[in-house]
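As structure tokens, one chain now follows by itself in the form predicted alone.
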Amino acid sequence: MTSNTRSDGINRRTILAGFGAGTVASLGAPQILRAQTRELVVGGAASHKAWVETHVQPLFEKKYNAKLTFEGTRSLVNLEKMQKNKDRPYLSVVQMDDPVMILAVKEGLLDPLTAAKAPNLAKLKPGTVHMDGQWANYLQPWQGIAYNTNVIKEPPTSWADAWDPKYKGRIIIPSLQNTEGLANLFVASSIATGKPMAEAMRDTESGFKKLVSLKPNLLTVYNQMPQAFSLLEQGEAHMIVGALSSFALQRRLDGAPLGLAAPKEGIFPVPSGIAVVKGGPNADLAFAYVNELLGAEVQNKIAPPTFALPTNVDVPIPAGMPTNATMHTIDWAFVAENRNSWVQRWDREMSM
């Protein structure tokens, strides 16, 4: 028979007891620390991946001892991910266009933001928190008029310039199938009726009639933005009316002969929304991430490279951005109710 008792009187049970809780805890500590490093998965636009990984991810991971994974794709793809995984969501945060946010709200896929969970909500400009906090805008890229500086020496001052007969066959506008196409419909209504923009946005009948009168000046209507900018940079087109700052100003920075004007009637925000996924993992981290993107520290970092206006009132407007232009707020719920019929009419009346 083999004895477990050593000559010094210490048996196996004594040795285990001697290691005690402290020693066992020490051996187990690395596993515990690894378990404490939680992961947050954020779904956003593919074009956002560079600035998230450069300016947001290092700050967030260090501050919250967490791992951040950014899945870059399109807003509708992120919506599909939420729909398919509704019972067991793996995304915690989504950064999507406002019109797609409305679809997510209708399906109960979002966890509303509150001041208690995201205190920086209180620092946002009016009109940037939507549907009782279902989502908020963390930046405002904007729409104006992009023009070829080799052809047009003085920046356009009005959206109405697009109707000037001297630009016959030289104007490009986005399709209404693109979200940025809505601005031209609303502006056309305001030009035709003289109504304030907020009122004109609901008079799309007048907008469509005015847009049809723009057809002699159109070179093309785009669905793919890069092709449209190629025509502008080559001088085939003289203006893209309703151009996005995030694209136009990056092209200018890359050396293209482009300018981007903020017309006197005002500019339109590109809907850059952020929301927490209902039932997603690590909800506390999700709200912390949203709060950081709404905060001054992060917006100071990301507004300049994205050519966008900050939504936090404590963040100065980056150099080169319009400082006094009126920003028109779009009623996205109204858009969601009517957009399908608008697109059908657009396809009938604006085909080239």
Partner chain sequence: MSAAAARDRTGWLAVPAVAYLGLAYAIPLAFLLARSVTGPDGFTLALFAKFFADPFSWRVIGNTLRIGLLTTLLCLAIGYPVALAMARSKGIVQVILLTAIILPLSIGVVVKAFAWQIVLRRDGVVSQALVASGIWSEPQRLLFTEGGLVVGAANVFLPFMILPIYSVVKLIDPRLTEAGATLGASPFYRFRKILLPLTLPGIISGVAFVFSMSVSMFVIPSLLIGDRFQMLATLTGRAFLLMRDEALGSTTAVVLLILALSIVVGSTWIAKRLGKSA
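Positions refer to the first chain, counted from 1. These numbers were taken from a predicted model, which means no experiment stands behind them.
What follows is about the form predicted in complex with the partner chain, which we do not show.
Engineer: Between the partner chain and Lys215, Arg339 and Ser351, in the model of the complex, does every residue show a non-hydrogen atom at 4.5 Å or closer?
Structural biologist: Every residue of the candidate spot has a heavy atom within 4.5 Å of the partner chain in the model of the complex.
Engineer: Have a look at Asn85, Thr114, Asn150, Gln234 for me and say which one sits with a heavy atom within 4.5 Å of the partner chain in the model of the complex.
Structural biologist: Checking each option against the partner chain in the model of the complex, the one that comes within 4.5 Å is Gln234.
Engineer: I need to confirm a contact call. Of Ile274, Leu219, Ala262, Leu121, which residue comes within 4.5 Å of the partner chain in the model of the complex, counting heavy atoms only?
Structural biologist: Checking each option against the partner chain in the model of the complex, the one that comes within 4.5 Å is Leu219.
Engineer: Among the candidate stretches 242-250, 162-170, 193-201, 126-134, which one is within 4.5 Å of the partner chain in the model of the complex when only heavy atoms are counted?
Structural biologist: Heavy atoms within 4.5 Å of the partner chain in the model of the complex occur in 162-170.
Engineer: Determine whether any heavy atom of Pro226 comes within 4.5 Å of a heavy atom of the partner chain in the model of the complex, and answer yes or no.
Structural biologist: So Pro226 counts as contacting the partner chain.
Engineer: Could you tell me if Glu80 has a non-hydrogen atom within 4.5 Å of the partner chain in the model of the complex?
Structural biologist: It does: once the partner chain is placed as it appears in the model of the complex, Glu80 has a heavy atom within 4.5 Å of it.
Engineer: Indicate whether Thr329 is a 4.5 Å heavy atom neighbour of the partner chain in the model of the complex.
Structural biologist: Thr329 lies outside the contact set for the partner chain.
Engineer: Given that the partner is absent here, does Ser175 sit within 4.5 Å of the partner chain in the model of the complex, heavy atoms only?
Structural biologist: Answer yes; at least one heavy atom of Ser175 falls within 4.5 Å of the partner chain in the model of the complex.
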